[in-house]
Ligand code: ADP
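Let's start with one chain on its own, the form predicted on its own, as structure tokens.
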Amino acid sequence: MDITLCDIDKSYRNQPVLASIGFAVGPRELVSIVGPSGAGKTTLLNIIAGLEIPDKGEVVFSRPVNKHHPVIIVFQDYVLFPAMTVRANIGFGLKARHLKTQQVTKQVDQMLDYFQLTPQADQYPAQLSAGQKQRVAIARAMIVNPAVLLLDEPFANLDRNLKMETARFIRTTQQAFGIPTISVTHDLEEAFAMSDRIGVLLDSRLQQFDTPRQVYFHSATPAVARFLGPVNEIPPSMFSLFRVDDAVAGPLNGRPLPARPENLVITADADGLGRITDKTFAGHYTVYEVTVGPIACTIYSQNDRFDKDQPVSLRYRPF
């Protein structure tokens, strides 16, 4: 199944929410649409699901979508049936199709096993953690063999320590079932971890749609770069100081070079023109603030040996 969005527009009270949105999703692809709250992400998901009608444009599926292969959306609050057990929630779609009890039981047991929910099979949603509720909601979606899976803010109700684990689980599940999946989220780290491609939705428009690495290290606009995290701007007059080669500098045509904190490498240098002004331990890396002449740079480094006020030099490393 391929999905293609063709020039989607949507406005409310003459205020544009989505403008000229277009992208395609391949048959085994997981795509994330990221953007700030209120950017129109959920509206876009509802249009793909057929819950809202665009003012202009269309969503095209390469194969018919029907009751046997539907578009399924998993909402951020999961919408589980509170009076049904986990087993009953997961099997609801199959029972609605009037499948035989034996067949429903067999498929539900398979889902319980795959989603590691067998111990919770006879519990009710109120007895589950947020992570378990989400797995039940995804299992309920997957059991009906959807043509397309849509995830609305899949990390919104999860503790921070569960988010990355869940991102990996969603990716593994999506690949195992081979179902094209579109997620909308404002959780950037998790979106980068699980997605084949990422779209950045800002000011009603899809500003960039590419691989996570390309979107992050080669942002299409300054606004995209800033939304995705800290970015340093190196003026052309300092390219030689940062050892920026001609292959990188040439296409800029005299514009400043945007450099992510990971693009800059610190070297201890008694004669260096940089000075470390701040140092913060951030777990798996250290954040340094370094001034070099008139500019201040943020650097993420695995090296924790540099000290505040130490003279250093910086080198630009392309990705």
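Nothing here was measured: the structure is a model prediction, and the numbers come from that model. Don't overthink the numbering: it's just position in the shown sequence, from 1.
What follows is about the form predicted together with the ligand, which we do not show.
Contact with the ligand in the predicted complex, judged as any non-hydrogen atom within 4.5 angstroms, is confined among 264 to 272, 246 to 254, 284 to 292, 39 to 47 to 39 to 47. Looking at Val17, you'd find a heavy atom of it within 4.5 angstroms of the ligand in the predicted complex. For the stretch 53 to 75, the set of residues having any non-hydrogen atom within 4.5 angstroms of the ligand in the predicted complex is empty.
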